[in-house]
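The chain that follows stands alone, in the form predicted on its own, written as structure tokens.
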């Protein structure tokens, strides 16, 4: 049943995202077509500049629509009238949330691939080759500085941090929606309020931490932390990944418990 639910989620999100991806692909092809008429004229500069702006806005729109679509799907399918049907299925709240989360991550990755492909199509040719040469040059510089093994480890850790950051964001929003749906009225407004309350609380805690670090600057404690980061940067990145994963576990747990025990579909 979970597999069927996963397929249904993909089809549901695909109906919204495929046209958006298609529009971005069309803009990329149009930008590449314009480049066939490259010249130093003012008209070409204006037209090509407009195409680049449209492509940039299209990539931003794809990113924004991906986030909005998966969050909207999560809310409407579980916490509105659709929830009456969703929770009659032989699927637990844990499984519902898991399917929504992994589908969101899948479409986020797919949107990133589509955006990258659109960029490559728009700037294909000598310009793209030059960009790749620059990227390869800097990669070689980093490999020489860090060594092949550590460079690969850095790449993997930074990729994991990016994935964990996206996962943390989605699960945080899910938790805020789950808390907000317990309100009798204005559930969406309540969820937004929970999100901003969390945001301001973390900002205050972050400010306190910064002040604490400034006060202790030069102390043995701060020197030990700086030495650890400088001597073991991979371990420091691993701790960062662990921090994100801990947040993911907390947000997922909050969403699961509230959905299981405090579901309010009124």
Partner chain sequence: MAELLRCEKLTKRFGNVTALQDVDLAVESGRIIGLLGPNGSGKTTLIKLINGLLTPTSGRVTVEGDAPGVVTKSKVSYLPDNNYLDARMTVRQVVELFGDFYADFDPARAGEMLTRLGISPDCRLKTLSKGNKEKVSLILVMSRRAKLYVLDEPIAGVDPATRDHIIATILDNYDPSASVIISTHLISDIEQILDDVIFIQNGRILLHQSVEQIRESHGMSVDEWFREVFKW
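Please read these numbers as outputs of a predicted model, since none were measured by experiment. Positions refer to the first chain, counted from 1.
There is another form of this protein, the form predicted in complex with its partner chain, and it is not shown here; the text below is about that form.
In the predicted bound form, its partner chain lies within 4.5 Å of some heavy atom of residue 89. Contact between residue 82 and its partner chain in the predicted bound form is found at the 4.5 Å heavy atom cutoff.
Proximity of residue 73 to its partner chain in the predicted bound form: non-hydrogen atoms within 4.5 Å are present. None of the heavy atoms of residue 247 is located within 4.5 Å of its partner chain in the predicted bound form. Heavy atoms within 4.5 Å of its partner chain in the predicted bound form are found in exactly one of 190-198, 89-97, 153-161, 172-180, that being 89-97. Taking its partner chain as it sits in the predicted bound form, the stretch 1-19 comes within 4.5 angstroms of it through a non-hydrogen atom at 1, 4, 5, 7, 8, 11, 12, 15, 16.
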